[in-house]
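In structure tokens, the next block holds one chain alone, the form predicted on its own.
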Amino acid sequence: MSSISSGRPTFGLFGASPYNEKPMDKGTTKERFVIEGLGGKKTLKGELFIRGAKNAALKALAASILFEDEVRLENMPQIEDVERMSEILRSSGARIDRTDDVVAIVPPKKWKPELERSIASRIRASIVLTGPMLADMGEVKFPFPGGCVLGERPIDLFLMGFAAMGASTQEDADGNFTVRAPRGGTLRGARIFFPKVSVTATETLMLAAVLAEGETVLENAAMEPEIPALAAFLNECGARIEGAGATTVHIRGTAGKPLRAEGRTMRMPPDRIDAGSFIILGALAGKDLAIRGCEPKHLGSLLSALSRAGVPLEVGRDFVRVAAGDVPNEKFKSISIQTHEYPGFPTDLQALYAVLLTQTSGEATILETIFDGRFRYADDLVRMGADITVMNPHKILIRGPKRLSRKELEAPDLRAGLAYILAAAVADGTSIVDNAYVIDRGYEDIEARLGRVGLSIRREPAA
């Protein structure tokens, strides 16, 4: 069996892996955002409504492979990553229809057990498709998955799990992997311990185990709320999953029998990263900003940090209101955070939180425990006037408050891209954020949504 070593070479301080998608690939810098800065004024007001969760939508699309009938998904965000996953499913034989926020997936009589390289090599979540494809078809061929450049993101956990379930893996000279189920084409249940908590590996192997023979036990599993949301729907349709959302998950396989939706629809839960992003925006530049349609209990670590900082918050059943218009940012206290798997502080919010720390009083650190290479934004914020010291690839020190000035920046990844928009919003003058595509991967119609609450932001062709 051939697998990828976790010791693949990296380059530079933050470890950019040559096996991940480059943000500029395939003309992804054709559009940019132009933002008129507020100069530190807090004027944004109104309501921002949260879309369906990106990370739930991508996994629900992958799970459709386990079904023999049509699967309907609603509250689906209209973002680039959802479109790319849909393209992969179409290339493997599915028919996919979309009406507003509802997506219907009709499976083919026979799936093509291969992920389209030109798409899958550019989106990290494509790896999740390998679990249900292997379970349903007995084999799957795929390239090394792409996505945002965040240092090393090896796939050893996935191949280790497949091997424990009886599968074998081969890698060809072009970097394509072929994984085959054991003789007979059905995976076997297994006890799998994850040496490192991984949301994507937990979901991929949970999906693979649904059609396996016998019981699979996943230990040290991820606990993100999107996981039990998916498991609940699968259980309604014939799966037998217990403990999803806890550190140990039990899956009793159907021995190859596919699931049936029979008209049921899965509704995507609200996107907690979408919500957290706008809550931070409210703290930075909001006069009176309400984030509605969210799930505050999924945002505990962020809300705790903001409360300790002194940000005025009103938390309701499905909304968070930030009424900070009368409180200048320098009155907020700098609070250190460290990222951690759920329910800890989300790594996907740390770049945006860093922007907030440039405006608060005192000094604080951000400790990144999930990824190498997630502080690529630091140099650009320093160019805007921030006081940031990179202590090592996993830790930065930020001193505030510092006035930010306009700059032209290129979004290095999805979350840092939106952090640049937030930095531009509080800066003096007109800033430009290039590489709009990477922001579109996870944030739906961002310029229209922010424009409705008073931010001057427009999309235009890149120079």
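Note that residue numbering begins at 1 and tracks the sequence as displayed. The model shown is predicted, which means the values in this text are computed figures rather than measured ones.
There is also a form predicted together with a small molecule; it is not shown, and the following applies to it.
Of the candidate stretches 365-373, 258-266, 294-302, 323-331, only 365-373 has residues with heavy atoms within 4.5 Å of the small molecule in the model of the complex.
Checking T347, T169, N75, S86 for any heavy atom within 4.5 Å of the small molecule in the model of the complex turns up a single hit: T347. Interface residue among L381, I280, A125, V140 relative to the small molecule in the model of the complex, by the heavy atom within 4.5 Å criterion: A125. Relative to the small molecule in the model of the complex, residues N55, D156 and K196 are all within 4.5 Å by at least one heavy atom.
At the 4.5 Å threshold, heavy atoms of K42 stay clear of the small molecule in the model of the complex, well away from it. Using a 4.5 angstroms limit between non-hydrogen atoms, R32 is distant from the small molecule in the model of the complex. When the small molecule is considered in the model of the complex, R51 lies well away from it, no heavy atom lying within 4.5 Å. Under a 4.5 angstroms non-hydrogen atom cutoff, the small molecule in the model of the complex has T200 among its neighbouring residues.
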